[in-house]
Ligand SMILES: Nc1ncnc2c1ncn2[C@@H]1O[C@H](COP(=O)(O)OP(=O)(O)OP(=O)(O)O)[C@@H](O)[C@H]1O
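A lone chain, given as structure tokens: the form predicted alone.
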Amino acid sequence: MRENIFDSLIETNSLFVDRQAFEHGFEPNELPHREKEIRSLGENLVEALRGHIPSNMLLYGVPGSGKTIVTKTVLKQLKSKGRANGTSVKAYTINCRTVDTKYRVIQGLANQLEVSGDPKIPFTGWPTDRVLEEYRRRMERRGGMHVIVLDEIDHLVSKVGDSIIYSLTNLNLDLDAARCCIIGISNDLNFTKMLTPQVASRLAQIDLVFHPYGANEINDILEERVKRGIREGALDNRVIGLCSALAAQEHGDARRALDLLRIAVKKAQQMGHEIVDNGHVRLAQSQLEHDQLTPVLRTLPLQQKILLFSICMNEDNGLRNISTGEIYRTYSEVCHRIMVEPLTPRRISSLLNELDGLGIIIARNVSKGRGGRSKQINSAIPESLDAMSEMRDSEPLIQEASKGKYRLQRPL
């Protein structure tokens, strides 16, 4: 019988002591550099312990700035204090990126109050008003204060509108034994502009902005996780600093730093090295960039692939800060080559904004004086990733387009 592959793997001396310390869902005992935000959230939610309704809140900040973990930590302490004081406090969180319809959000909230004998709310099929009424009934039965956390609320509202917020803010009008407040967590500082004036008025929220972490702050976060999660002496002295600096460049995303360090340790372990150094961090950076962008490039719609192909063609020809007009000329030639109907310049401008939103390109508006304003386009794809190859492999028409010759502008 062949040797079991896990015999050798399980005997490997791991550099990790507790790998969970580097997972996104890990809840540390300390949250460095978020004392102010914790205090602000607590000062509002303490009203629940006094028998009053806390104000609704919106927490803003870039991804990885600690919004979700701070909320979890404060709510955990709120519930603990409620139990100690005999105050009924129920808090629950819905991730609106995965639960992204009004029906499913209310169903998810109601299911967290389900007890034996309650009717099962189906995944779909009931009128939304009936689900909302069942949720209201369960809240009233439970009584006390209910804190509803809608994580990534901007994703939900941009997809289905703000009627869910209107419905939830109206609940207190129909409740007697129970009360509720809403905490929305958003990556978009302009989220409230998505709301109708009527809903914005009803929400009447307190805003709390989480600033991006700086390199030194991320450094402190990593050091705390390393003490718990990595074998002593396994890191080169420069590794934490490099991970922190790279993550600070990515808008202060602490999760990015944790991912870099976790993958760097895995790389060192796979290579049989006892010390994690900067070389392993660079390998981790390359893997992260590849893992994040490759699926996006492969699944872009055809017109966006043609557009990105046109940008890459010009950049390969040495052009930078490419004008939308130059991109459109190349794009039109490519469409003609593969016999695809080209879109209008206005629609191409919208597609450029979408690619910018995905982080694939950087579209910068520049003033041309009396000539008005224009966009300058540059690719944001890392050099380690061959975007042209990924698009050719996933789309036969791009493969065909790459065989053509095009009139490309030369750099000045």
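All figures in this text were calculated on a predicted structure; none of them were measured in a lab. Position 1 is the first residue in the sequence shown; the rest follow in order.
Form predicted in complex with this ligand: not shown, discussed below.
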Discussion item. Tell me which stretch of 348 to 356, 381 to 389, 24 to 32, 41 to 49 has a heavy atom within 4.5 angstroms of this ligand in the predicted bound form.
Written reply: 24 to 32
Discussion item. Test of understanding: in the predicted bound form, would I360 fall inside 4.5 Å of this ligand by heavy atoms?
Written reply: no
Item to complete: May I ask you to state whether R225 is within 4.5 Å of this ligand in the predicted bound form, using heavy atom distances?
Response: yes
Item to complete: Answer with yes or no whether L343 is in contact with this ligand in the predicted bound form, where contact means some heavy atom within 4.5 Å.
Response: no
Worksheet item: Does this ligand come within 4.5 Å of any heavy atom of L258 in the predicted bound form?
Response: yes
Discussion item. Just to make sure I understand: among 35 to 68, which residues lie within 4.5 Å of this ligand in the predicted bound form, judging by heavy atoms?
Written reply: V62, P63, G64, S65, G66, K67, T68
